[in-house]
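Take a look at this single chain, the form predicted alone, given in structure tokens.
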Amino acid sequence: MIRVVINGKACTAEKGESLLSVARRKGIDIPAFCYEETLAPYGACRMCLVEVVKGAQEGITTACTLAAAEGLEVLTQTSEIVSLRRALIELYLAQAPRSEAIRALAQRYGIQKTRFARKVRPDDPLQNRCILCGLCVRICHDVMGAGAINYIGRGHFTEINTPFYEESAVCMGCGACARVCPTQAIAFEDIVQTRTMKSWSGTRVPLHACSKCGRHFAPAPFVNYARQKLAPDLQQTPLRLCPDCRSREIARKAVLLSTGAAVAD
């Protein structure tokens, strides 16, 4: 363990740990949109800017990519940092005018409107909430290994969607993209036996049915993906039941075990 100082407060950290992670653990507020613990930090949103006042590289940098080192000292709310964040928030208000997360942050920083203009698209599949942080693309590629979505276009016209805006043949419907999205831009809907990824060109994924009650509860491609990650002797039992039936099954087996009765799969 090493010692770093954030806003004059001494904090313990593991060597090489992200300063943003240290700050969050200590309850020190540093806003960030593109940080996800399951992915390597890359400082895309720039919201977590801090000023290094003592360390190997003094100056302004992103807290998510700043590695904790012995003797490191940073400030998170200098006038320059706040000014930079306010400018970024204005840009994000223009980029994602319907994002409640962006609006909430703007309110915290006393920003009521943006100087930058962008037309709201009624047909935007990402609901005019996307800030192009790239977390959905990275989680789909780097963690799930599907690569169903990517960046399309350049500059002001950059978007994220499926190739050629067509239904994806490789999307598992897992919803990992929606889980990591900091602005709740990604929408999907489960209707009876199908999950429709509304944000990803209407990609449709069949839902897996519970072997006991018959309720469709999870995307079938994702269930198959998860099953392959399990040991051979575990590939059937945990995934064949919906959460409700699984809970009842676990409770039933616990009762049988407590009474010494034989347990059947």
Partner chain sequence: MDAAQLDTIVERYPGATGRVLGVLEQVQRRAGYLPRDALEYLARKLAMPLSELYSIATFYSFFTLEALGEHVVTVCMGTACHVNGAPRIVERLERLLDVGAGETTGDGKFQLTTADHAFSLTSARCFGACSMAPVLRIDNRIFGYVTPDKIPAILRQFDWEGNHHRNY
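Predicted model only: the values in this text are computed from it and were never measured. Residue numbers count along the first chain shown, from 1.
The next section is about a form of this same protein that is not shown, the form predicted in complex with the partner chain.
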Exercise. Just give me the single entry in 185, 148, 180, 174 that has a non-hydrogen atom within 4.5 angstroms of the partner chain in the model of the complex.
Key: 148
Quiz item: Using a 4.5 Å cut on heavy atoms, which of 104, 191, 152, 143 is close to the partner chain in the model of the complex?
Solution: 152
Quiz item: So in the model of the complex, does any heavy atom of residue 163 sit within 4.5 Å of the partner chain?
Solution: yes
Quiz item: Can you say which of 191-199, 153-161, 105-113, 69-77 gets within 4.5 Å of the partner chain in the model of the complex, counting heavy atoms only?
Solution: 153-161
